[in-house]
Ligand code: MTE
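Listed next as structure tokens is one chain, alone, in the form predicted on its own.
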Amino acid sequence: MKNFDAIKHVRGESQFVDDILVPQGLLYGYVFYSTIAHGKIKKLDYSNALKIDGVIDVITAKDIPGENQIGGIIQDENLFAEETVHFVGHPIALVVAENQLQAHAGARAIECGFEKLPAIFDPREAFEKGEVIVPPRIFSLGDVNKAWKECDYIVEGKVESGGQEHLYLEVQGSFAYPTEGNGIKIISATQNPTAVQRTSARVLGIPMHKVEVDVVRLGGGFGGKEDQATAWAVMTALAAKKLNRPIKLILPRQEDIRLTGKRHSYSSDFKIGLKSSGKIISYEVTFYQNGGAAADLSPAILERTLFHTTNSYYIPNVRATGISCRTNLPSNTAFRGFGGPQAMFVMESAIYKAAQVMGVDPSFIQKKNLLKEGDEFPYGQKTKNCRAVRCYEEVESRYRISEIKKSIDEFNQTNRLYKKGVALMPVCFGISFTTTFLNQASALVHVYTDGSVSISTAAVEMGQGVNMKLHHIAAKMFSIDPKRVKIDTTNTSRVANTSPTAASKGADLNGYATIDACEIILKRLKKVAADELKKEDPSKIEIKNEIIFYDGNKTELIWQKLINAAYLKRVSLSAQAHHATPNIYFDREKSKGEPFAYHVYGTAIVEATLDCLRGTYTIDSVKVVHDFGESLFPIIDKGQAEGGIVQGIGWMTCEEVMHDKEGKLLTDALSTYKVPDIHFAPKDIQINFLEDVPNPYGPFKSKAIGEPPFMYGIGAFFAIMNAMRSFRPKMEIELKAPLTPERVLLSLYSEIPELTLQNK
């Protein structure tokens, strides 16, 4: 069950972009970027930069032979600013030099003058001024307006969720070099090789087949390299094309944080209506998404927000409005959960505030409204194999939630300055790209004459273990020693027209494609085996642990001999297969369809302890029952769940993205941006696999794992909030994340002029 990638990481044998041997004559790039949030470029003089020792050239928009356009969903993003800059960090030029220090010195020598223009940083202000990236989207179910009349309680509120820095271990980077026939090869740290290929071809003005993109692996991605790795790869390709020399660009950590987009911050308004029984009758919500300066993936992320408006609950009357707002910040982008967490946080906040008004525990409302089999989502799809109730009830019974609450009540009654809180966090997450055509993948499988196997797919390994899962699938399909199998790099020349490794679909799509390719080869091998054994029915051939069986009986034929026999008979030992997720669709005009192959369910219990004197807290435990289907690789899946939980807690608690009033990022270093470390992480994380839950829509009945556990971290916000309310029961609730210690402290004492702190 060992992950071979982890072993190589520990030994220092794993190669990333900056480790790969490069051709002779390598040059280095450094990005020169805007220091203001919005303005016109009045002067750009790089003559002094060219005088710096070692500086070879300064590449600008004027050097682009094709289009100065790298936008994906919408063509609204240029590679280099030409006349106007739209955010602090907007690339203007690439300085190329013999080494990185010289390139940096060259960038400092560039003189650039700006005429400042008004800048917008708040999404609500952007909406008021008509600065939207796409027209507003609405998902609806039932009749919200009519339903308000049936409600015993109607509660309204505002929710704010902040951004989040990806902080992958490997910074953004690429190197490119010219190849014969006017081509370019790019080694990129990207989750989306085809986007790099397509965009490079557009900017260079050459066909895609002249651009080869290769990805060995990523040192983390979390969505931050799905779209935003493209610019740096294209810059290296452009410079390599112009100078006819290999170019490497590795962003320094601080520039990586400054120049790249984050998780979208949202400002949202909700209105929720309930019966006195706790049943939610009506829910209305408006999401103001801070998209940043260009579309990037914002429209798709906003759509995912709308898909997860109601989280794990059935609400008969819903109207959700999503507005993607254009501001003068770096374009925000994909991040684990892809807009889903922002929606779920608002839903849970609405329940939390409603529970306070009704005088009940939020779990009372949660349990009354959990999804059941056949319930309809606001986008028209109905639940199949729904496990929301089962996960919730199992986590309650397994961990005796009533005893936990009793213990916390006793602790809080006997402690004045320390308080505990607990919260339950159910999750329902749809698995598939919501853009239907992206749900496709290909695999190329070669069996060599020595019996070894190589697998090429569209999947990019970025620490999530997809290579190990594909490795496991191939070994299981052929029933051979796993040591015989190798997973190759992700390369656009071997596997074309790839979808990004995102949406938690890497193992599903590429796993199915690998299964299909292996089955093609197996069918050929069974025919060869039947011929070799002089048997008439190839369907009775089986391979078990490299031994060939016929009709359940062991034969003398083994894997190695079978492969040699196939080769001598001139039978192909290679196969390519394509997989497209069946039976999914979505009509964007009607905002209805069945966009997801299946849903993942689970529930977490999160406990926290608060120091009411200092505002600091610890997350004591996270206990989860999660629907993994039949896990392909339990250790990898458990690790993904644990990592996602801690990352989600970070978003809710200590990770605060801050800009000054001019749009300059203040939290651009590890000294100013705090992420969870080993000391902050929960002392106790328990991940329990829901049993006997095969998933008919996943390879070998498994379920995707990458994104769903992230949302369990939302429970930390409400666990801390409950501890705060134990200290100050009448405290005015501010539904704003991250709930940093500073924000906790100010909230605890915001309206108390005199308070005697005396420990009983």
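For every residue, the number given is its place in the sequence shown, counted from 1. In this text the structure is predicted, and so the values were computed from the model without any measurement.
Although it is not shown, the form predicted together with the named molecule is what the next lines describe.
A heavy atom within 4.5 Å of the named molecule in the model of the complex is found for one listed residue only; from 223, 340, 650, 511, this is 223. Among the residues 259, 466, 79, 447, the one placing a heavy atom within 4.5 Å of the named molecule in the model of the complex is 466. Exactly one of the stretches 728 to 736, 58 to 66, 27 to 35, 702 to 710 approaches the named molecule in the model of the complex with heavy atoms within 4.5 Å, and it is 702 to 710. With a 4.5 Å cutoff on heavy atoms, residue 490 does not count as touching the named molecule in the model of the complex; it lies far away. Proximity of residue 503 to the named molecule in the model of the complex: non-hydrogen atoms within 4.5 Å are present. Contact annotation for residue 247: none of its heavy atoms lies within 4.5 Å of the named molecule in the model of the complex. Taking the partner from elsewhere, residue 507 is found to have a heavy atom lying within 4.5 Å of the named molecule in the model of the complex. In the model of the complex, every residue of the candidate spot (336, 462 and 640) has a heavy atom lying within 4.5 Å of the named molecule.
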